[in-house]
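Only one chain is given next, in structure tokens, and it is the form predicted alone.
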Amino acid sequence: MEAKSGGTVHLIATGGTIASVPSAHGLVPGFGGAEILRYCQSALLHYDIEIEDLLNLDSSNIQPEEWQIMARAVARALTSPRPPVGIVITHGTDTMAYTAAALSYMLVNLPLPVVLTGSQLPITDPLSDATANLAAALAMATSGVPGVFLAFDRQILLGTRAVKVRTTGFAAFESINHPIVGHIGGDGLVLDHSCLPPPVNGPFRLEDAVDASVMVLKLSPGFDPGLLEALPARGCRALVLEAFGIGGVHELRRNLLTALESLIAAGLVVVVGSQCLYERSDFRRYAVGRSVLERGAVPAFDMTTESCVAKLITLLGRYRDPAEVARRFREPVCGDIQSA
């Protein structure tokens, strides 16, 4: 636990369930950072917290433009005359994993921890998980370990590996294809440094350009490849295809291979992964998968869909050449690819 003399934690509030209050139309974000902290008196005793009320949104409305706003807020805090020791972002759970991945790509060479957290019940609810999650986030934010993380249900997850897997349970997030990097227990915050990505040398820089022209398709038996023909005309620049099993698409009667080849020829980056949540995809194993790679698709390996989408959106914002986007997509960043 970091004493107040240890430095300031910068709390960025963006809305979400943790900040929600009842309304005639259901729960809506209504609290700012100060109201949230009023329910966390122990945090005020142990941490020097500065508050920035940045957004007040249900996270269903958090989109790439809001990622830019958050990334720029982090950059401002880092370059202030008295930078904090760490940053906590309170955020709705529905798109938190996308934001955590996006910030991992936008905040290059982070010198300190940036930790996202939220809750499954509003902080005003007597049974809320909000205070425990916020306490975990504050502990991680003062750990001195740089990177983007997600703190939830007494666990610390790498930002590029978190996925929301439950709609109501407090164990809402899991670390997919990667161990958790830390947990909260009787010994306080315990980190497994062997699970952290290697440190990156170089000065911090903000890469906040985005292009949201990305579509995700979960393949289903009988899908009509002709439905993809409209993508180039609609300005789509990348497709994330969640294929079957370890890596396969159908070519009998409805030849998806030809459709994917046409998209790649039209300049789209086609990323292929598995719709299975756990373990890696490997399109080299079966003939129906190898044919996809031979046509120029980019394998997602063991990446999460959230990280695939966020990585593409940030890369498309930086580069116009599809080949360059594809090349850089294959490069591991912040632990997003472990098994290639």
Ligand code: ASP
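Predicted model only: the values in this text are computed from it and were never measured. The first residue of the shown sequence is 1; numbering continues from there.
Just so it is clear, the following notes concern the form predicted together with the ligand, a form of the same protein that is not shown.
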Report the residue, out of Asp282, Asp48, Asp53, Asp58, that has at least one non-hydrogen atom within 4.5 angstroms of the ligand in the predicted bound form. Asp58
Between Gly182, Gly92, Pro113, Gly247, only one gets a heavy atom within 4.5 angstroms of the ligand in the predicted bound form; which residue is that? Gly92
Answer for Ser119 alone: is it within 4.5 Å of the ligand in the predicted bound form, judged on heavy atom distances? yes
